[in-house]
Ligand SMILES: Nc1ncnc2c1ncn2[C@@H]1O[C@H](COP(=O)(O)OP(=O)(O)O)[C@@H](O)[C@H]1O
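Quick setup: one chain, the form predicted alone, written in structure tokens, and binding and motion questions come after.
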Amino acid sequence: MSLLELEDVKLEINGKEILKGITANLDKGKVYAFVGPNGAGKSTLAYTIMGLEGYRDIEGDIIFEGESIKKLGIDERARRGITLAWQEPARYEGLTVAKFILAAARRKSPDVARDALLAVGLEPEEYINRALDKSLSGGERKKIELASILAMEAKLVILDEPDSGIDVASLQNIFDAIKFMKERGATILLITHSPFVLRQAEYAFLMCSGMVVEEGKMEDIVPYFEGKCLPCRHKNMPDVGRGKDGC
């Protein structure tokens, strides 16, 4: 059963068409990925689904659990169970890690914060009372943000470049958290240009120049990272003459 349906979604920003008719269906309890080069429109699509200011004036429609949400603001979409983890996590000076995690948690127990931190590979006693400020590394903040999402028990989790600022050892913690959320019934949408992150998905959409140019099982999209691009109008598209696959 579809959780999220994108119906010919188009978006212009400052007179420039960024999304050029994105259509996709995401079922409940599965992991999806939108992949493609920088500038393909992946993050713009994430912000559009989340309903950020400046990303709501769309053509087409966004259907969540059978109802259109295109006119809803970010707060209402969040209440319905949609959340977005930023590529660069925010800092909240003066707020402790525990308060941050529990702010939007479905259950407000301190045990929820501890369990969420353990799930992303952070020792609760070391982090629970720390301030969420510049004393934390980017990787630590990204893990804490993911812990807060685990505590939310969201229905649709959008992860924008989840490997950004994360070392190889910590990346497995992120992948374990993705698996954990899926097991709890969440739908995960990965925004990435990493083959390692892509391999966590079951189904993927290859974007280029604001369009989906290919979709299929994860294994069908992996060759994109092996230089077997598809023809598109992206500014980084190689010269014609390199074969039917484009690059």
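Please read these numbers as outputs of a predicted model, since none were measured by experiment. The numbering used is simple: start at 1 and walk along the sequence shown.
FYI, the form predicted in complex with the named molecule isn't displayed, but the following is about it.
- None of 195, 39, 60, 29 but one reaches within 4.5 angstroms of the named molecule in the model of the complex through a heavy atom, and that residue is 39.
- Only one of 30-38, 215-223, 198-206, 178-186 places residue heavy atoms within 4.5 angstroms of the named molecule in the model of the complex, namely 30-38.
- Although the partner is absent from this view, residue 64 stays clear of the named molecule in the model of the complex, with no non-hydrogen atom inside 4.5 angstroms.
- Shown alone here, residue 18 lies within 4.5 Å of the named molecule in the model of the complex, counting heavy atoms only.
- Along 43-68, these residues reach a heavy atom to within 4.5 Å of the named molecule in the model of the complex: 43, 44, 55.
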